[in-house]
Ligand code: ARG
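Given as structure tokens, the chain that follows is alone and in the form predicted on its own.
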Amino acid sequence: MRKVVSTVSELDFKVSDLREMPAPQKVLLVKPTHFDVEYVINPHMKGNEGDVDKIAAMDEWEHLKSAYTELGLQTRVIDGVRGYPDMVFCANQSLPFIAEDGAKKVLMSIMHADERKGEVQHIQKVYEESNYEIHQLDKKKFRDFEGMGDALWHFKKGLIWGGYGFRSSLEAYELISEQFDVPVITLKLLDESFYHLDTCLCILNENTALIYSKAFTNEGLELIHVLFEHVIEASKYEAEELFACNATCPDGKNVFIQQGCTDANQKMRNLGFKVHEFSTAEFLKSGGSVFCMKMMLW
């Protein structure tokens, strides 16, 4: 189904109508050997230049890596590259996909900031080695698109939620819908502190999402509430300071989240989720947390 939806009036399907997709069983991680705050490209970076404790950052990353292994996922680790301190946020450089026939495909990103553009070629090598069919955006037609920073798969369904306004162009979603033959729900982002969709929307399972509501337009909020049975709202403090909505739930049951999100965690537990808290304090200095620090793969 090829369709781009921006308002509820354009909806002509239910989530249950969409084709099933298997949950990814692999996770890509980039070792934060060269992670630091070397420039400012989002509001969270301001004042944190050169202030990363690299030993603490590596320890935080190792704890997350171990958690994915304990969850039964196959982990693939690649080294970071000097000169690309944000490459550790490997959700941003690509959008992977598995077709109905099992073919693995990926659309590579066009990073918005010049400082990050060179990361894409290094991530692409992983897909080349993993037999993915690689697609590229025409840089003459599209200004930017930052992968799964802004394009989120609905849990186990052929549906993409697409954020735009700061790091990704709205126009890219027409091509994505056509190339992957899936509908895309587009959501305009309003607040520069929530510059990626993965900072304000966490898809927990087929029926449940964790959001920061003030990051969205009224039209966007209406779409979220129509297509999710349960919508958990994070507070401004937990969303903006602790990146609560940058959590991840790889299996629809176990949530990995920055420690201290007391209110959001209780709401998720009330719905039966098992919450695992991690410190990503060093990575928050660069404007990223748990979701940003991995890429789920088939």
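Start at 1 with the first residue shown and count on from there. Just so we're clear, the structure is a prediction, and the values are computed from it rather than from any experiment.
The following text describes the form predicted together with the ligand, which does not appear among the structures shown.
With the ligand omitted here, the record of contacts in the model of the complex names 84 to 92 of 213 to 221, 84 to 92, 126 to 134, 99 to 107, defined by a heavy atom within 4.5 Å. Across the proposed site, Ile41, Met45 and Ser286 without exception bring a heavy atom within 4.5 Å of the ligand in the model of the complex. The ligand in the model of the complex comes within 4.5 Å of a heavy atom belonging to Cys292.
The closest non-hydrogen atom of Lys157 lies beyond 4.5 Å of the ligand in the model of the complex. Of the heavy atoms in Phe145, none are within 4.5 Å of the ligand in the model of the complex. Residue contact with the ligand in the model of the complex: Tyr173 places no heavy atom within 4.5 Å of it. Along 116 to 143, a non-hydrogen atom within 4.5 Å of the ligand in the model of the complex is carried only by Arg116.
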